[in-house]
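This document starts with one chain, in the form predicted on its own, laid out as structure tokens.
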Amino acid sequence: MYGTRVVVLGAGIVGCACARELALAGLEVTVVDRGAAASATTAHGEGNVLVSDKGPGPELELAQLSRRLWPQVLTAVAERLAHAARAVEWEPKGGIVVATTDAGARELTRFAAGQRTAGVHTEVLDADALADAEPYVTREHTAALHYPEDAQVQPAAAAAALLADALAAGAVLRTDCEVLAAVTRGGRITGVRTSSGLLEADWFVNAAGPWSGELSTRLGAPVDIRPRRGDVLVTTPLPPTVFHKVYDADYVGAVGSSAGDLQTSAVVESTRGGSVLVGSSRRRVGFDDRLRPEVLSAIAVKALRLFPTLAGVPVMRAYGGFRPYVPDHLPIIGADPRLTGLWHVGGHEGAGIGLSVGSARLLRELMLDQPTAMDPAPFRVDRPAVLGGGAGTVVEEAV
């Protein structure tokens, strides 16, 4: 496939991971972003690499693949770009899920039992074990589980490391370059018109995160990826207070919900700088990027139930971002059935950081017709949740 030209549309962590896989495979890769690399959704994430929040099924399989790949990828990056790999701040610190009601305990126990059948390692924590692991978490709990496979990265630095490795392998980055339309010939995409001129290639990868739906419409092959807003509070640096990623059992239900109204659950974790990240919220408000005090207040209330000792701790800032949401809660990875040469990798919602390297590996295997690490069929583009609602017409533009 040497000499094959690929344009990756989007320089968030998913696009950067795809660019790296394809550049290392010997393809001529150009990465395009309308802004700066890793400056939008990726820069507003928490850096989660999780298996704990996913039940048995294809997304969990993709998470497990990605969890195996992350250390391998970072080791390979470190061999070429040691400083970039160190900046990723890979931390396999594990996660702890805490239930605070009897109903929550029953659901958490049921959920974990299903995960174990799929190969997820879970450990039940009694009151003493939980106190040893997290001295400041609430003692008013009804169940707690430890997930030792959960990990965390610094998301923008992780994307930068993947991109740097792609560039070292010959990829080219073009920023401040907005895609306006596709150029097609005979049912194949041959180029994209951008704010900086025409870009031609053999393949194009739509990896624009929450903007993938809008971009796919511009390209004439729409997919149903929508933005879903999330917000995070950041405390001032503290002495060691939170030692794992800790969240309440309601979080799994919020992740899997399709509701458009506000949902909150407590998600609390520390950074290497000492600040504590406090989330999380989910709401569908389009691309409205305003911070809402009532949303931040609801997040804080939930977090204080989990960590009462955070009461009175100053919050130095809050930020929010948009997650790429698909109605059936599964990513899209594969070729567009309507427009030859167009591929999609997106719809990871809040799991894009963790799932990025596995998704990129699967994309490379599909593009190069190689054996795949897992069954890609559940992520195909032509499923009803992706092409439903009339999103099925390709508009051909003359060259």
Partner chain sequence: MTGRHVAVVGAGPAGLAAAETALSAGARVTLIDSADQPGGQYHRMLPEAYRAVRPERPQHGWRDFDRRRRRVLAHPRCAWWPETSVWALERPDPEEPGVPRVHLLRGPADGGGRRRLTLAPDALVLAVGAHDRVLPFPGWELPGVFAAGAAQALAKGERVVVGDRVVIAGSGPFLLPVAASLLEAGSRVLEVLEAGTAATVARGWSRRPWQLAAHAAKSGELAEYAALLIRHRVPYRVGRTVVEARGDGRIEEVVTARLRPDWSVVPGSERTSPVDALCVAHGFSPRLELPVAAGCALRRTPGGEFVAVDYDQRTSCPGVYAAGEITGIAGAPAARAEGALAGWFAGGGDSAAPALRPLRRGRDRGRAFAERLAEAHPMGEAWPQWLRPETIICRCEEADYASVCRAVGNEASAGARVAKLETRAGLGPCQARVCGPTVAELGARLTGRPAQRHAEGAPTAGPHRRPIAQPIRLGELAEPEPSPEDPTAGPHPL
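Note that the structure is a prediction, hence the values are computed from the model and not measured. Residue numbers count along the first chain shown, from 1.
We do not show the form predicted in complex with the partner chain, though everything after this point is about it.
In the predicted complex, none of the heavy atoms of Arg139 sits within 4.5 Å of a heavy atom of the partner chain. The shortest heavy atom separation between Ser196 and the partner chain in the predicted complex exceeds 4.5 Å. Contact between Glu123 and the partner chain in the predicted complex is not found at the 4.5 Å heavy atom cutoff.
Among residues of the shown chain, Val77 is not one whose heavy atoms approach the partner chain to within 4.5 Å in the predicted complex. Although the partner is absent from the chain shown here, none of Phe111, Leu262 and Val285 has a heavy atom within 4.5 Å of the partner chain in the predicted complex. Residues placing heavy atoms within 4.5 Å of the partner chain in the predicted complex fall in a single listed stretch, namely 292 to 300, out of 292 to 300, 184 to 192, 98 to 106, 126 to 134. When you look in the predicted complex, the only residue of Met367, Leu339, Leu65, Ala37 with a non-hydrogen atom within 4.5 Å of the partner chain is Ala37. Proximity to the partner chain in the predicted complex, defined as a heavy atom within 4.5 Å, holds among Glu178, Asp328, Glu91, Glu200 only for Glu178. With contact defined as any non-hydrogen atom lying within 4.5 angstroms of the partner chain in the predicted complex, Trp211 is the only contacting residue in 205 to 226.
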